[in-house]
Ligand SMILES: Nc1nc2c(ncn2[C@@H]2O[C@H](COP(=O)(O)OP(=O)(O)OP(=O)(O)O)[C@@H](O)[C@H]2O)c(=O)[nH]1
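Below, in structure tokens: the form predicted on its own, a single chain.
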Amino acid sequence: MAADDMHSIRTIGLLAEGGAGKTTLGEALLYAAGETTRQGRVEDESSVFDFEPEEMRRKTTLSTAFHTLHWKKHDICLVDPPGYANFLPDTRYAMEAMGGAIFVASPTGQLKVETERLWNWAKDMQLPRIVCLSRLDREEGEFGAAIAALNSTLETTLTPIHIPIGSQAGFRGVVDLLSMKALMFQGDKGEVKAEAIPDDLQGQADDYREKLIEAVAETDDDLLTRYLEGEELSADDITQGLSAGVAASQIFPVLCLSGGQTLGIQPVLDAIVDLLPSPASRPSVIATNPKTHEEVERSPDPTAPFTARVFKTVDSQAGKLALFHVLSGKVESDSVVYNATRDAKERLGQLFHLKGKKQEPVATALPGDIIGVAKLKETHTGDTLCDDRNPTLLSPLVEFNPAISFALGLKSRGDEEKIMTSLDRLNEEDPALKVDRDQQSNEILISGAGQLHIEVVVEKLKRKYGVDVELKAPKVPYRETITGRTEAQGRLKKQSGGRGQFGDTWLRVGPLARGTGFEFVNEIKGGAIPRQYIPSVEKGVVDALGKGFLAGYPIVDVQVVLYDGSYHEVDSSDMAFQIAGSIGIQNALEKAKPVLLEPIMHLDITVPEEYMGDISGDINRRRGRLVSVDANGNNQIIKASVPMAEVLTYAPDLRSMTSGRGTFEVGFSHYEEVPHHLTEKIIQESKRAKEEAGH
């Protein structure tokens, strides 16, 4: 791909739920355009998009892939991101680089919640869209009913520009409502032969043609006036109005095809070129000058200052490859750019376009281009690259809260040093992967969008870095606190010949508001304890609180007041007062009514209305409580508070309850007291775990 005119560039995403056939469509587009010599297929592991071993084994897209093709003097970059819920964060980041999108649906018009979510993201981003009804050779469906179902689910009005001729094994062509010709498909690449519209479809074609003209007219005041006055719009009027309506996200054309049989693919290529906009038609980007903090605007113009977003990082044969989307200006191989996010300069080596797992060198990149460049030292996913004389800083990429977490158990002790380095490299490729270490248990925790997401991470750890791990449920980070107020003495007196150990403290202990943490107050007067020993008392108190009282969990939300004590001129020391403080807090905790606290999570659950009863009942069974329920189109958004211990496996449970149509986001909310009937069980489990660890 060597476009020197950005008007001939198209950067198009293929979007749909997993299993809808978008990768198959991508393969058909490449084959029909002559980019590949045979049509790759997911099922026989020959797809040029799904080339990672995990993708080939699971026969599904797990990470965004890219390929380029040429059609009618245009250079088209196809972006094929995942469609399954576990991997949608990667899709959302890839959407940052798309100039338009093709949504793939079945002839039934039935969509899963992932496609609805993608459509809403595209709507928020004002991304121009066309819709392709695929698998017309395989799945039965009535065209009008399918359009009505899609309109209802997506809460929009789609505008067919094709109606199918035949169905299933009899699907052989489409009526093109722009030319009012029957386009019959023939040959293994689906070459088009124009014929007269079959008599039995003429009436239906006339009706849909009228709806198309009406939709086009409504996007332009001049066209609407002429249409209402009865003037017949010309073919150029309709095509230009349709293209403008698509670019403005006012019209969403529908095309009909079979990706697997390469039928109707050439008209899709024509629609990409004729209807989806070039980068020149996309809106300007609003950013910030990182030095002056003033708002700046960058238009998609090769003469404007260079601005690009790094939206993905991949581990390729050439090493770490940063993928960036050029928003303004142009950039050449072997040039120096400014990373405004890191305040660092980067030298770009050879620029690449991606063709599956292969790379094609290019000399220059223009607005709309997706470019790969290897071995950048400072740059990470989400960073802004720009001209250092006219710096711009783009807003950060959207953050995704993890839906599930696991602890990692290493199968080999030799992997301990490699594990964190390996996870950091995977996290660079996949920002939705979160890596942490539990301060209490010292466990390595990995969190992601779902169990499948985490399982794929584990597979990559072993294949790429030779680190073999097993997944374990993470330990719930319980805490302890007190509910009563008390006073206690902590006294250490040891005399065993020579210098002894003496420290004497009096502590007043009471609860603080939930979430406050720990407060130490020194009220010593008259030198009862010398000033230099006060920090030692506090250290002893803090150490004791960290070890817990009931079940070994840290004690929080406590105020400790040191109000009296005594010392010995010779035998007192920092260590003596540290131990005395520890003894004092332990004596106080026995009388301060200690209780266990558990983390409470807030859940935002999106489900179709018919599952409301099941979800509400399940939340109650999990000791949760409903906060609110709001309608969002055909879905309901349920906000609830649920103990973490009850939602560690919520992702597969929700999928089972809603047949895969429910999604959720989870985040930490606050701590609450554990119900009395569960406290003893948690204490006993903690004791057993300590005993097992001791053996």
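One-based numbering along the sequence shown. As the structure is a prediction and not an experimental result, all values here were calculated from the model.
Just so you know, the form predicted in complex with this ligand exists too; it's not on screen, but the next bit is about it.
- Contact check for P82: a non-hydrogen atom falls within 4.5 Å of this ligand in the model of the complex.
- This ligand is not drawn, but in the model of the complex it has no heavy atom within 4.5 Å of D630.
- This ligand is not drawn, but in the model of the complex it has no heavy atom within 4.5 Å of I9.
- Using a 4.5 angstroms limit between non-hydrogen atoms, T60 touches this ligand in the model of the complex.
- Distance criterion of 4.5 Å from any heavy atom to this ligand in the model of the complex singles out R135 from the list R298, R282, R135, R209.
- Contact with this ligand in the model of the complex, defined as any heavy atom within 4.5 Å, is confined among 634-642, 36-44, 664-672, 648-656 to 36-44.
- Contacts to this ligand in the model of the complex (heavy atom within 4.5 Å) from stretch 12-46: E17, G18, G19, A20, G21, K22, T23, T24, V42, E43.
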